[in-house]
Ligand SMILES: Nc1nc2c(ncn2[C@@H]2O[C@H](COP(=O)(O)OP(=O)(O)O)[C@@H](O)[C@H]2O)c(=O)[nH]1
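One chain comes next, on its own, written as structure tokens: the form predicted alone.
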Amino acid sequence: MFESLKKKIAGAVKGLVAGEEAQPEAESDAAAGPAAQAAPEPRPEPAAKALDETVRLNAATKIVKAFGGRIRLKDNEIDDFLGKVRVSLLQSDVALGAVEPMLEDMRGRLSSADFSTKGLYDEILGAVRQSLLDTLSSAKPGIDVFKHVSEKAAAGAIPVSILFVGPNGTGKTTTIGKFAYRFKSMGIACVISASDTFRAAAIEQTEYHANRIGVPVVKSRYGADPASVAFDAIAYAKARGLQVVLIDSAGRQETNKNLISEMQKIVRVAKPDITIFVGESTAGGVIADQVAELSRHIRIDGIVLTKLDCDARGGNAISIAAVTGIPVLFFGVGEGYDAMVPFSPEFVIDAVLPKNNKAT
């Protein structure tokens, strides 16, 4: 995952360190043979090609570098390098509101430090890493859902209700299945409320996951009031001493006033303890707008970003919490019920940045 952004940043750092134009590796048509002549390698896109060109070190800096010791980067070197990083981040879906503070932080680190010529690549990469890490760590901490429910259950304050919202197609119902699977493995009994009574086959999809995991479902007919289904599911849990109610909901487009009103009714009736927005990491910058608009109508406690294993860009994982102010709680990294990992700044940084001068 995030291979595109990783290569772009690594290329920019290597360019700054090398101080010379990168030469693409290629063979002549004659040497490559008929097959290569018939099917030439596709040329890189202009934007990607520009990012592969290196940033030249100042002549004076090169002289110091040649003799070893420590160097301080010049302003023009830093400007060229940060320009490349800016384009890399923006092309990888990192929101502009998150990019500019990161670049200013990088500028401060790069302009105030003396770098070892022998470890220049790793030291510059370290400055980039720390700036990204600070951005990801600056968001307010998210609720530990499973710990919270365990504590509530131990205190007898049950059932705990968790409402899942978000657009269609993001993996919301599958995410609910992952939560149910985790709760069951912890010995915590739950029920799923099939409150998406709008989308065709939504109830059957909920039942499919529930049956595979081995948890009950409370449902009604299509077109029924979603809030009533959630209310019945909570009553079902209370009557049987179940600790958790997981409430599915119809996909909400933040511009659809009728669906927004329906969601607000679910919140009024079910009074969820936790509300989680489920969005796909591959959606681009639009996800920040979706979260911001929905949070104007209901409280959102955390975000689950799905399909992270399919996201070659990685920008949303970097910027979503910084832009919305709402913490990312988990990443979905596959279809399996155990394919969900807690949000960790280090997890994102390790996926985005190469770790040493052999990485590309």
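One-based numbering along the sequence shown. All values reported here derive from a predicted model rather than from experimental measurement.
What comes next is about the form predicted in complex with this ligand, which is not displayed.
The candidate site formed by P101, S131 and P345 is entirely out of contact with this ligand in the predicted complex, as no residue has a non-hydrogen atom within 4.5 angstroms of it. With this ligand omitted here, the record of contacts in the predicted complex names 166 to 174 of 238 to 246, 72 to 80, 166 to 174, 123 to 131, defined by a heavy atom within 4.5 Å.
Only one of V333, A322, I300, L329 lies close to this ligand in the predicted complex, with a heavy atom inside 4.5 Å, and it is V333. Although the partner is absent from this view, Q205 contacts this ligand in the predicted complex, with a non-hydrogen atom inside 4.5 angstroms.
Taking the partner from the other structure, this ligand in the predicted complex has no heavy atom within 4.5 Å of any heavy atom of E293.
Proximity of K178 to this ligand in the predicted complex: non-hydrogen atoms within 4.5 Å are present.
Interface membership of T306, defined by any non-hydrogen atom within 4.5 Å of this ligand in the predicted complex, is confirmed. For the partner-free chain shown, nothing in 70 to 103 comes within 4.5 angstroms of this ligand in the predicted complex, judged by any non-hydrogen atom.
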